[in-house]
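Read the single chain below, which is given as structure tokens and is the form predicted alone.
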């Protein structure tokens, strides 16, 4: 669906995107994560056709995005800061979207609107709270029947109940219509619940791009204890981090967890627990290897 190949973008001497590669399959929910300044918003603006790359290619379904009006009618974008016309209410914005998106489903829009009783559709959108403005943006976008949704911090400002309701609408569209979703967010716990693919970005590059299942089995937390000091681990075990609390040693191991478990098992530990890492922990340890300033996790 999305193909970004060898894309570079500079602003003066600053390299915002550095030979970046990213691939999002049709029907996937792809989480783009990275620290502030990694280039997430910059690549999103390329995917929306706002920026034109200095080199490389940005395509959706094999078509270049920049200045491609017909292609843009097939996807919806919800940025972190949403624009609404000054005097427009929700119904006015519905008419605007209906004129832009050939597949706009007015019946679906009204059905979704019924799920958000707190929103007065005749009140100017810009007078609503930030969270309500986000809700209106989701109503309009989902009713546009897009093939692709690009979301930048999509549920920022929404309360937990509303966040769940929004994601429920999106997940239903993914399941029923094969919607593809690219979402950039700092809420890694939430992405872990909804994404099936993840790209970790830093310094204008994608460091890792894998399915969430593959990512969570490529780095493992192992807690072990021995009768005495911990012996030296085999050379084939790549330890990213080691913390000792009393007699319990916690190590973060990169690679296939079964191999590490088998190797450590031959060392006769008193106890050994192999635990999966959360997406947040994976993010911290992967960026720690890129000299990103992070503090120790409290286990």
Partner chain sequence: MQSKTSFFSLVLFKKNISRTWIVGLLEFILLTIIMPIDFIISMAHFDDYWYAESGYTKTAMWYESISYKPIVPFTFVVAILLAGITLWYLFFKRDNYMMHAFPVSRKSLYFTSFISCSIVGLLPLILNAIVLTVIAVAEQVHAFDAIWYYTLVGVVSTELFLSIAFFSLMTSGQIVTAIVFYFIFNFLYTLIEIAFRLTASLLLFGMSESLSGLTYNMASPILFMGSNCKVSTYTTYDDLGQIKTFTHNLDGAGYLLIYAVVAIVFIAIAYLLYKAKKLETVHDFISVSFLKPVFSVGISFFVSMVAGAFVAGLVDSAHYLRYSTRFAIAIISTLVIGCIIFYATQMMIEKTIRVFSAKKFGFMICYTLAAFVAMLLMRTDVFKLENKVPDAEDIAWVGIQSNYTMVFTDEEEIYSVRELHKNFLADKKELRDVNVIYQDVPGSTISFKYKLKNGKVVLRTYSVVDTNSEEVSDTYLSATEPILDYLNYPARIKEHIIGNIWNNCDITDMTFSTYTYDEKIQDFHSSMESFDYLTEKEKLAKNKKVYEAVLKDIDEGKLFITDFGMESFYDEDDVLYNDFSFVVYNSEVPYFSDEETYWDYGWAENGATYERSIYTMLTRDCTNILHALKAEGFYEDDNQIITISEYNDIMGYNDDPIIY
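Numbering follows the first chain given and starts at 1. As the structure is a prediction and not an experimental result, all values here were calculated from the model.
Below: the form predicted together with the partner chain, not depicted.
Legend entry - Contact segment among 68 to 76, 201 to 209, 177 to 185, 164 to 172, judged by heavy atoms lying within 4.5 Å of the partner chain in the predicted bound form: This holds for exactly one stretch, 68 to 76.
Inset, instruction - Would you confirm whether the three residues 226, 235 and 258 all fall within 4.5 Å of the partner chain in the predicted bound form, going by non-hydrogen atoms? - result: Heavy-atom distance to the partner chain in the predicted bound form: none of the three under 4.5 Å.
Legend entry - Contacting member of 243, 263, 50, 239, with respect to the partner chain in the predicted bound form [4.5 Å, heavy atom]: Only one option qualifies, and that one is 50.
Inset, instruction - Note which of 92, 192, 147, 153 lies within 4.5 Å of the partner chain in the predicted bound form, where distance is taken over heavy atoms; exactly one does. - result: Exactly one listed residue reaches within 4.5 Å, namely 92.
Legend entry - Proximity of residue 100 to the partner chain in the predicted bound form, heavy atoms at 4.5 Å: Close contact exists here: in the predicted bound form, residue 100 approaches the partner chain to within 4.5 Å, heavy atoms only.
Legend entry - Contact label in the predicted bound form: residue 126 to the partner chain, heavy atom within 4.5 Å: Yes.
Inset, instruction - Report whether the minimum heavy atom distance between residue 108 and the partner chain in the predicted bound form is within 4.5 Å. - result: So residue 108 does not count as contacting the partner chain.
Inset, instruction - Could you confirm whether residue 82 comes within 4.5 Å of the partner chain in the predicted bound form, counting heavy atoms only? - result: Contact with the partner chain, yes.
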